[in-house]
Structure formats: structure tokens, C-alpha cells
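One chain comes next, on its own, written out as C-alpha cells in the form predicted on its own.
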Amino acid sequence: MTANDIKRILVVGAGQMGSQIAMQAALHGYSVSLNDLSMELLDKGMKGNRAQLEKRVARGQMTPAQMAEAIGRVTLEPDLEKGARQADVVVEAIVERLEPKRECFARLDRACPPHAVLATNSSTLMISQIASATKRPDKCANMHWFFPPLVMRLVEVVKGRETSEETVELIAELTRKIGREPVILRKELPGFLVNRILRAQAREAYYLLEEGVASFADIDKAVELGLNHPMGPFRLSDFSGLDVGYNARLETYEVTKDPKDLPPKALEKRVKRGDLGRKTGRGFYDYSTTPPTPTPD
């Protein structure tokens, strides 16, 4: 199978990542099935997509007819096996934990056609950890998008130990066909490219915070004004979801057993009290105020 043979894409997980991945594919002409546990979750994901596209219509970047056509290419499917039966490519975007992903891949392996390629959007877990739950590890790869998928152009395509070169090239070409730019990693390692670089920066930022060198707000300000980054490491953590970063560090630690990969205390404290960033209204910053104000430890 080549990228030109791909007719239907299944996206598993209708959270902000999965729903926007589905929408990005639909915007480029693909028929997409979007799966999650309930119609309520699916409707919520598509409501967010509609809001994003309405902004494009208001800015004159697309017409109402084009928006309606793109939304019409997405079928909401709460039955995973039914959605998998005609899929040429699957992009899994569920919770960032190994066992649920392995279980999902095992179900997809049983339900998908033999030619179907299975990709995970995991930001940390390596495809070899997941693909061994299937009988088609040569047709499995990481297809790691960045948030928000409707805006961010980069996709990391990661080759696992048993991933075929054909699968890597197919995912890379599909990425281009849906308006995104791939980078190919021919050797897998926890965190891939971008997150490893971000993690190194964040590790130093947490060290400076825990040593009492500066407040997290001043560290953010220094990075934003001194390095010209759009967000400092703590604002970025809030934007992405503190629980996402927390779980990713735990998964990385399970692979490396390096204490440096454990979640920092300031992060763990906020996650355990339910302050997960923008999505809960409170993380390192309190988003009930304008502008958001730093929160106490």
C-alpha cells in the first residue's frame, strides 16, 4: 500500500488531540471515522472543531460551504471494531499510558484489514512497546502530532525496531498530504526529538525553581523575553496539561529508571491536588484572572 491508496482514516480518541487530527485529515479530503467511548465525547470533540473552523470562516480563510464539506467527511463512531473494519490507517490518540494503548492496538489488530497501518500519537511511549501487542509490528509506527494539531505543522514519525521502511515512508507521505511536515526518526528513544529538547529545558527550569534561584513566573519571563520563546516552561506545561507532562515523566522513568526522569515536586504537588493547567482553570497560573496570576505552592 502507498499513500495514494489511503481512502479512510480512523482516529481513536476524540479529545483535543484526536478530534483535531481527524479534522485536519478531513480538511484535506480524507474520509475519517472518529472513535471514542460515547457519542457525548464525540460530539464534544466535534463541537471544538466547529468552533475552530468558524474562526477561519470569520477571517475569510474558508467559506461556510468548505467548512460544511470538511465536517461532513468525519463520521462519529462509538464502536471501535466497526470503525476499524474499513480503515487503511489508524491514528490512536487515547490516554498516555502504556497498557490502555496496548489493549487498543490489540483490538485494532483483530478488527482492521490486513493491510492497515496502525500509528500512535504518543508523545513519550515508543512504538515497540505498543506494537508487540499486535501481529503486524512491521505496520506500526509513532505519528506524534503537536498541540493544537489544527495549527502546529510538525509531526514526528518514529520507526520502531520492527517497523518497515514502507510503513515509515507511508506515514511521512500521508503527513505531507494532510498539510503537515514530517521529521523521521529512524531510531526510537523516549521523548523523541522535540520533547527531549523541551524536557532538558524544563529540567533546568525546575532545578532553578527548587533551588530557590527564582520564582517560576520570573523563570518564564526570562525564557520568554531573553530567548524569545512564546511561552516559558511553566506556562507551556499549563497549556499542554500538567497531568500529561506528569504521566509522560512516569512512563519515561519506567523505561530509563533514571531518578532525573521522575516528575519534579512542584509538578507532582499540583497534579495531585487537581490543578492541571488551563483545562482546569488553575495550574502554575490561575486562569480566572486576566492576565493569569501565579499560584502559590
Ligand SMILES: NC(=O)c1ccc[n+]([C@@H]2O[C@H](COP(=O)([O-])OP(=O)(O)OC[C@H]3O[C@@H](n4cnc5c(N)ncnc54)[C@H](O)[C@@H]3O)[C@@H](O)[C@H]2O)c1
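Numbers for residues come from their place in the sequence shown, where the first is 1. Since this is a predicted model, take the numbers as computed values, not measurements.
Quick note: we don't show the form predicted together with this ligand, though the next part is all about it.
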Partner proximity in the predicted bound form: Ala14 to this ligand, non-hydrogen atom cutoff 4.5 Å: yes
Would you please decide whether Ser240 lies within 4.5 angstroms of this ligand in the predicted bound form, comparing each non-hydrogen atom pair? yes
Is Leu41 close enough to this ligand in the predicted bound form to count, meaning some heavy atom within 4.5 Å? yes
Tyr206 within 4.5 Å of this ligand in the predicted bound form, heavy atoms: no
Within 4.5 angstroms, counting heavy atoms, which one of the listed stretches 164 to 172, 179 to 187, 82 to 90, 115 to 123 is next to this ligand in the predicted bound form? 115 to 123
Assert contact residue (this ligand, in the predicted bound form, non-hydrogen atom within 4.5 Å, options Ala68, Leu37, Ala58, Ala51) equals Leu37
Note: exactly one of Ala202, Ile219, Ile94, Leu150 sits with a heavy atom within 4.5 Å of this ligand in the predicted bound form, namely Ile94
